[in-house]
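This document starts with one chain, in the form predicted on its own, laid out as structure tokens.
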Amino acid sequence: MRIGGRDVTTDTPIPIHLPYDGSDVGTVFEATKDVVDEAVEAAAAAAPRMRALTLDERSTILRRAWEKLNADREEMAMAVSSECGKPIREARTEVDRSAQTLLFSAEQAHRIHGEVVPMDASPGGKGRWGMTIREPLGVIAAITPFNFPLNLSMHKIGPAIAAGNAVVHKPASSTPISAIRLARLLEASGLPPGALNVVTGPGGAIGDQLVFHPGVAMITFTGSPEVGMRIRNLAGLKKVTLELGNNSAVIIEDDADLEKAVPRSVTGSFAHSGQVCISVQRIFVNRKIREEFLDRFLTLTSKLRIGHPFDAQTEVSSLITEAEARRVAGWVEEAVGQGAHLVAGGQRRRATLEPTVLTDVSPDSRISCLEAFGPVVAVNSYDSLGEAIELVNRSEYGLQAGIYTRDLEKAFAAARQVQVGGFHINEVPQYRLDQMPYGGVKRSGIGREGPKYAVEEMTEPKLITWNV
């Protein structure tokens, strides 16, 4: 672990395995209660120094880290691929996006400002002047998932540093290697010791301790709705941002450009074996073009290359564990038992599940209602756009959704009516740029990420008045 600018170990080593074949790729250590307390204390000690850094000094640290990450691209991509089993081509893309997130955070550090308050707009404000400034919260606990171990961490750590906070980072227990590398990289870029601390081990005990700890001012979490709601219930008056997943849907209207819609839908369904919060899980196709869409979709899906994540040609590899692959395969079997048709994939080998396509899926099946987080997509048909919108909105989630149509009136009607945090026209819901506001409604969470929006979450406005 990395605490106060130094390496920390315990008596309990944790081996890290490549999900694809179970081979060893590294060893970390399980944090004890005392170690977690030490990490929070180190962050609390560094917080005043972070607060005192000028906006330009914070930006300079982040920009240096951007340069170092670009120089370390291949090593960091291999770390990401090794710990989460992501195909190396996708891992390289994740490192590139992480560098962009760092750069956006560096730029945002220069833009933190308050505003002048028009005091004399009230009769009692005559002769008075007012302004707001934005101040850091102090210590932020960042709890991150396995699927984008570097970039989703960067979306919490970069803005926290830009805002002048100190951080205790708890990465997913299966993907801690890139987190430790990131901490060292930021320290080498001039980040004060203790401003970023990394603790590793099981999420439940460490997460609860961070949520309850009086030295933690805010918890930012990406993960399951069940854990997220527990965090919110336990956090009391602490600030919380939660990104809790989705059951993403895309609508394909009968006037859609299938040359663009089909390949994007395939990529959106099966990138990183569907282990993406905004992975396409439900496709609603206008009945008039159902057969044409499905034929094209199955043709492209059959061409996806399944294999070892280190192979540059691999497009689909394993899930994070064999147990997760069995779970998703079980959901597929359940859907078929409820009347769905399995038209592609469904076969499992260890932790790898073939890209799986189901049609005529019951709206009551888990594939339709919950987040599968695996390489499976349900393709159902509809007769009217209103029906499609109603089907999309049946989900308890509301992170992102999309529509393909050439009719702008239809597109914007859907954009206004679909209940999500982000809606994409002529794009799949998996689309994300790192400067976008990103977050959901309903069971998909609260708060927004993207450096500009995360900085707002990670600071508080303070009013200052002057009686002239």
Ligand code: NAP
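Numbering starts at 1 and follows the sequence shown. Because the structure is a prediction, the values reported are computed rather than measured.
Keep in mind the form predicted together with the ligand is missing from the figure; the text below concerns it.
- Within 4.5 Å of any heavy atom of the ligand in the model of the complex lies no heavy atom of P214.
- Contact between D120 and the ligand in the model of the complex is not found at the 4.5 Å heavy atom cutoff.
- With a 4.5 Å cutoff on heavy atoms, S81 does not count as touching the ligand in the model of the complex; it lies far away.
- When contacts are judged by a 4.5 Å heavy atom cut-off, F293 does not count as touching the ligand in the model of the complex.
- Of the candidate stretches 206-214, 249-257, 307-315, 378-386, only 206-214 has residues with heavy atoms within 4.5 Å of the ligand in the model of the complex.
- Proximity to the ligand in the model of the complex, taken as a non-hydrogen atom within 4.5 angstroms, holds for one residue of V392, A109, A166, C277, which is C277.
- Taking a 4.5 Å heavy atom cutoff to the ligand in the model of the complex, the contact residue among P145, G268, G138, P355 is P145.
- Each of S224, E243 and Y438 places at least one heavy atom within 4.5 Å of the ligand in the model of the complex.
- Taking the ligand as positioned in the model of the complex, the residues of 150-184 that bring a heavy atom within 4.5 Å of it are, in sequence order, L152, K170, P171, A172, S173.
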